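What follows is a pair of forms of the same protein chain, given separately as C-alpha cells and numbered structure 1 and structure 2.
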Structure 1
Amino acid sequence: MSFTHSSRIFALVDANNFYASCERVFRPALVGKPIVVLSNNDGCIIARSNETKALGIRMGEPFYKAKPLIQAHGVHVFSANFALYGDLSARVMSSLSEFAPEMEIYSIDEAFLDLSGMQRHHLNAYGRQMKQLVEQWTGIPISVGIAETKTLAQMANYLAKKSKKANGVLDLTRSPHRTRALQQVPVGEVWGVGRKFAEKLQRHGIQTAFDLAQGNDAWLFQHFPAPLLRTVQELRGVACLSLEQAPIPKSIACSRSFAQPEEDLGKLRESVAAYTAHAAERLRKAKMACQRLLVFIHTNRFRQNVSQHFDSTSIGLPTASEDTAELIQVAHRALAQIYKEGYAYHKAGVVLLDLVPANEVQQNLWDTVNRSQRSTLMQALDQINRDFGSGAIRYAAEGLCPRWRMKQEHRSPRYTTCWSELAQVNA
C-alpha cells in the first residue's frame, strides 16, 4: 500500500500509568511495586502500575472483586486524589511545552505536540531527549509516538510502550516499517475504534489497523458513522485532525454515586445543591454562563433485586446564568419533576448545558435580577473558597452533614496543594 506524505508531524506524548506514577512521585519506595488507584467511592480500579497489570487485574474492575488478588500480592491501594494528579499534570504539561511551538493538552495525561518544522532524521533523538528530561523534571515517566497524523501518532505511542526495542519512543514518519506497524495493532486499539465498532469490523474480517486502512470506503460509509471514515483517512496518512487550542467547554457536569442508597428527597436535594454549587464554581472559572440545566437521578443498575428508576430532565433558563443560588433553585425544580418516592437512589448529577461566554449574555427584557450585583457576590464567594479551601463557604441547601458523601478510605495526602497534609507526612 502507498502512503500520502503530509507536511505536518505530530507527537502524542502520554504519561505511563499516570495516577499510579503520581503516587510514586512522593513514595519512591513504591517504584517497582504494584499499585492500584480507585475511583470515587473506592468503587472500581481506574489506574494500575505495570506490576498490577501483570497480575491480571483489569481496568474498571470493581475493587471488591479484585480484593483477594490485591491482598494476596500486597498491592498498594490508593483512593483517587485528583487534586494531586491535576497539579502534577500541570507540571508535566508545562515541561512538554518547552519542546514544541504548539501543543494541545488532550487530557490530564496526554498532549499532542506540533513537530512539523523538525528534520525527520532528528525526530527519534528529539523524542528520546524529551522523555529523558520530562522524567527528570517531574518524576513522571512518559511515552512518545511520532507520525504524520494524530491517529498514527496515537498508534506509534501504543507501539512505543509495547516494543522493548522502541523503549518508550517510536517515530513512524516515513518509516519503511509502517505497514508492519499497522499490521501489529489490533483494530480495537485504534484511536476512534471502541468495543462496538471493533466487534462489527471483526465480524467482517477486519482484524488489524492495516485491514482498516485497506477498507472499502463505500462499504464503511454505509455501515459506520462519519467519524470512523475520518479515522480511516488518518490511518492512511491523510491528516483530518489538527491541533486544537483550549477548546471552549460546551457543558460542565458534576455527579457522584452515594456511599449508601438514598430514598429521601431532602437528602437528594442537598446532594443536587452541592453538585450544582461545584459545577457553577467551575462555570465561573471558565467565564461562562449556562442557558440550560439538567438533573438526573438513578438507582443502582447492578442491583437486580431492587426496583429501578432512571430519569433526567432539563430546564431552560430565560437568561443565561452563573449564579449558584439561581441554579440551585432550577436544579431543585428539575429534581422535583423526576423524583419518585420509594426508590433507593444510588447516584445523582447536574449538567450545565448550552454554555455561552459570560460577557455575551443576552439580557432578558423581563429579567428582574441585578446581575452585576449577583456576579460581584459570586466572585467574593469564589475568592473566599480559593483562599480558605474549597467548601469554606457553602449554601445551606447543600446540607451540613451529608451522609451521601463519598467514601475515600485510601487517599494519599494532597502533597502539592495542602500544606497541613504535607506536614502530617513529614511529622
Structure 2
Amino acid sequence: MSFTHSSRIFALVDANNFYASCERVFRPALVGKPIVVLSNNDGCIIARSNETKALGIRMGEPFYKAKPLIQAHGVHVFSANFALYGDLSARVMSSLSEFAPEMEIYSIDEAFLDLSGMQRHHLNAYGRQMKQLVEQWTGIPISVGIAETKTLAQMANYLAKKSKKANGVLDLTRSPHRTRALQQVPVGEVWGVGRKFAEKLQRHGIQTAFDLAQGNDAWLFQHFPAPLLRTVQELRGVACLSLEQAPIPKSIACSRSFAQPEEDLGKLRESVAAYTAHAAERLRKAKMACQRLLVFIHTNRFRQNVSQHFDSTSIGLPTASEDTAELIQVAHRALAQIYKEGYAYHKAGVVLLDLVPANEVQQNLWDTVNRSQRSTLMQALDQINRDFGSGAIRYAAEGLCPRWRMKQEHRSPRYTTCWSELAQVNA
C-alpha cells in the first residue's frame, strides 16, 4: 500500500525503563543488573529492568509472590521514590526542550516533540544528538522515534528499542522501509489499541500494525469507535493529532493506603492534613484554586471478619482557595463528619474539586481573609520546600512523627531533592 506524507514531523522520546534507570543514575554498579520497583507500601511490582523481564517476573505481581524468584536471582529491590523520579523527569524534559520549539509532555517518561521545519537536519543524526545529550546531562537512557504522525512516531520508538541496528533511534520519515517496519509491530502495541480491541482485530486476521493500516474503513467504522479510525489514518501517514498543551485539571487528588490499619482520629487528622497540603501544593503549581473539597476514608475491603466502613463527604468553600491552612481546616471538618470510632481504617484521601484559575476567583464581599498576604505566604512556603526538599517546612497539623506513613523499606535516597540525602563522594 502507499503512504501519505505529511508536512509535519514528530518525535516521540521515551526514557528506557525509567524508574529502574533513575535508580542506576547514582548507583552505576547496577547497570546490567536486574531491578524491580515497588508500589506504595511495597505492595506490587510497578517497574522492571530488562534483566528482570527476562526472568519472567510480571508487571503488577504482588511482591510477596515474586519474592522467592527475586531472592533466587539476586534482583535489586527498591521502594518507589517519586521525589527522585519526578525531579529526574523534569531534568529530562528540560533537556529535550532544547531540541524543538514545541513539546508535549505525555507522561513522566515520554514526550512528543514537533520537529516540523527541522528537515534541514539529518533527522536520524538529530535524534542521536538528542539521545547523547539527554544521557550526558541526566544519566537517563532514552529512545527516539521520528515520523510524520504521532502514532507512526510511537511505532518508530517501539522498534528503536527492539532493534540492535537502530540502537535507540529510528527515523521512519519518508522511509522506504516503513511497510516492513509496521509488519514487525504486533497490533496490540499500536498506540490507542487496547487489549480487547487487539483481541477482536486478531480474530479477524489483523495481526500487525501494517494489517491495521490496510484495514477496510467501512468495516472498522462499523465495529470500532471513531478514535481507532484516526489511528488507522495516522498509520497511513495522515496527521490527525497535534501536540497538546498541558490540560487544565478538573480535580486534584491525594490518597494513600496506610502501612498499618489506623483507628485513632488524631492520626487520621494528621494524614488528611498531610494529603491536603500535598494536593494544595500541586494546586498552586497548576495556578488553580479550589471551590470544593472532598475527604474519604475506608477500611480494608479485602480483609474478612473485620467490620467495614466506607464514607466520604464534600464541603464547599465560600471563596475559592489555594491556601493550605484554609484547606486543612475544611478537610478536618469533613473528616469529623464521616469518622466512626471502632473501625480500623486502611486508606484516606483528599480530592480538590471545582477548580478555577487562581487569577479568576470570584471574591466574596464578606471574606475576612487577606488573600494577597496569604498568597505571598504560600509562595514562600513552596519556594522553601523547593530549595530545601519536600517537607522542609510544613504545618504542625501534619504531625511530627507520623506512624501512618507509607511502608518504604527499600527506598533509595532522594539524591536531588533532599539536602540530608545528597550523594557523598569519598576522595
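Numbering runs along the sequence of structure 1, starting at 1. Whichever C-alpha set is largest while still superposing within 1.5 Å between the two forms counts as the rigid core. Quick caveat, the model's predicted, so the values are computed rather than measured.
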Practice task
Please match the form predicted in complex with the DNA to structure 1 or structure 2.
Solution key: 1
Exercise for the section: Superpose on the rigid core, then tell me if the C-alpha of N300 is displaced by 2 angstroms or more between the two structures. Expected result: yes
Handout entry: C-alpha of K200 moved at least 2 Å between the two structures on rigid core
Key = no
Exercise for the section: State yes or no: after fitting on the rigid core, is the Cα displacement of E104 between the two structures at least 2 Å? Expected result: no
Practice task
Check the Cα of E322 between the two structures on a core superposition and give its shift in Å.
Solution key: 5.7
Fill in the blank from the handout: After superposing on the rigid core, the Cα of Y395 moves between the two structures by an amount in angstrom of 8.7
